[in-house]
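Below, in structure tokens: the form predicted alone, a single chain.
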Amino acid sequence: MKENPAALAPELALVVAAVVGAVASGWLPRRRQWAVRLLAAGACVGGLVATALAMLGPPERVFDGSYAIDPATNAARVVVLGAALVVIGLSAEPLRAHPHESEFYVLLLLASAGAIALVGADDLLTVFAAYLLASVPSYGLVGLLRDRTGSEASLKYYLLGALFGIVMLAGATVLVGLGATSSYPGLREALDSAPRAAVAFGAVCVTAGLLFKIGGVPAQFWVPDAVDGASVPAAAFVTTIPKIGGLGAAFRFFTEALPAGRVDWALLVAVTAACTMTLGNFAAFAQTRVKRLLAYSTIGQVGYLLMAVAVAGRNGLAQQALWYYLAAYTVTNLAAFAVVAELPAARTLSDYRGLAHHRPLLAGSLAVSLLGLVGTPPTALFVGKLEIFTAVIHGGYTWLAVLAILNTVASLYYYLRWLVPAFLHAPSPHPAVLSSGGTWSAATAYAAATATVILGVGAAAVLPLGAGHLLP
């Protein structure tokens, strides 16, 4: 084999650690499963080191051009591996000595590898293989606790994933048939003279599969049930890492595989973004359970992220805005879930009454994460929204930026419904509901909230890292 496997060192680190962890889990006693957690964290750190080395080299396509090592892939590696480390941190106490603790880390590593592969894939067949690798372990993560709600959520997640996977495969089949190749550069050239209706059908079907991965309209139905029924670490995972892979894959697919002017995919994505952010934000208004509120919040955030995809290729700001916003959203969303993990008995908004009195630092972390999701300065998402709004306006979709601003203002309502009881209401008569879930969850919440502010203040240093272009 002439190819260099070292080019995929971060992905291979995750897969090898998953295989070793799966084998070791059959031999380790329940009280020693922390060793698999340590192995998973080591694989993420090793992957980050390998990514730093890869950034020093030139962009390239490997494995017969089916996989791209470029700024987008390296950005995905950094964000996914960093997010996986945070999820491992907030899962330490909730899953300690659980019968399936090792399996959680194995599935987490495999799904993370699939998310990275989605971004790097430069070939439709590789994209679909990555889609399966990112999806199948996620179904297991949601239903890992094997209780009634988790099993029901996992089944719904799986059935919708199978449906949209079939739709995506049908679209890929049509495009490959039209272009006589699955390679993105080859498709871009061949589809320029193919029947417009057939190209549109294939593009819409592939887009539908990617919308399922990110939880965008009309493929968002699984998100609230999956998040509410899963454990908090699994919910934190499915609302962050799969979205990184799906959005990165969509950006590359539209800019590299589809010929310019053949299909008006930009308008399709813009309308989808508008529907997604509006549905997510307004559906969150009536939620009283914290995990369901965060589930609809993440749907709204996907709408903002899709705005950057809608103007992909129209200006040089789109890719930079997408990857900075993804990094900012990931750390901010995980900070909110870390607070939820730290208070396992607090399941509704009213349970957080008096949190500032009982746990002022944790209440501060909650405020930073929720106001950060709104886009309040100096948090990272404030800069992220400015970047995306600027890219969208320069890309000719001013109406979409205006709608996004209105949605941002509206979203403040349901985040305040959570924060007001925590800060302004009298302490709960049942203080046990605010009992601690463990030191790891609290430390993760503090670290992620701090990172949200640091990423916002230091945006000038971070933004250029996502500014590179995809391979020509």
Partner chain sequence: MKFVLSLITFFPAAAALLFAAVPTGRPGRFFLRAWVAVAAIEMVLVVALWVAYDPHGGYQFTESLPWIPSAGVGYHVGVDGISLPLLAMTAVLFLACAIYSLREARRPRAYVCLFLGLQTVCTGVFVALDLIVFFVFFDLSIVAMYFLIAGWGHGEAAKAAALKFFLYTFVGSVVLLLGFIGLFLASSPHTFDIVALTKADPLAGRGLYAGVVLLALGIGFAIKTPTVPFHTWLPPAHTEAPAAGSAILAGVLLKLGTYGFVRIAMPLLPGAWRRFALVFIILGALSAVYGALVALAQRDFKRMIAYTSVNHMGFVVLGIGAAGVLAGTDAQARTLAVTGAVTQMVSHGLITGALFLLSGVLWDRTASYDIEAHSGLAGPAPAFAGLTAVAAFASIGIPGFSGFVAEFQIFAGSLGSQVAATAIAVSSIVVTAALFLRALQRMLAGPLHLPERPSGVARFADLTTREAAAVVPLLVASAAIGVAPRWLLDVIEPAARNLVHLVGG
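Being a predicted model, the structure only gives us computed values, none of them experimental. Numbering follows the first chain given and starts at 1.
One more form of this protein exists, namely the form predicted in complex with the partner chain; it is left out here, but the text below deals with it.
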How about L424: is it within 4.5 Å of the partner chain in the predicted bound form, going by heavy atoms? yes
Using a 4.5 Å heavy atom cut-off, state whether L279 contacts the partner chain in the predicted bound form. no
4.5 Å heavy atom contact, T149 and the partner chain in the predicted bound form: no
According to a 4.5 angstroms non-hydrogen atom cut-off, is T408 in contact with the partner chain in the predicted bound form? yes
In the predicted bound form, segment of 94 to 102, 69 to 77, 395 to 403, 165 to 173 with a heavy atom within 4.5 Å of the partner chain: 395 to 403
Give me the residue from F382, F254, Y296, F128 that has a heavy atom within 4.5 Å of the partner chain in the predicted bound form. F382
Which of A283, C205, V238, L371 has a heavy atom within 4.5 Å of the partner chain in the predicted bound form? L371
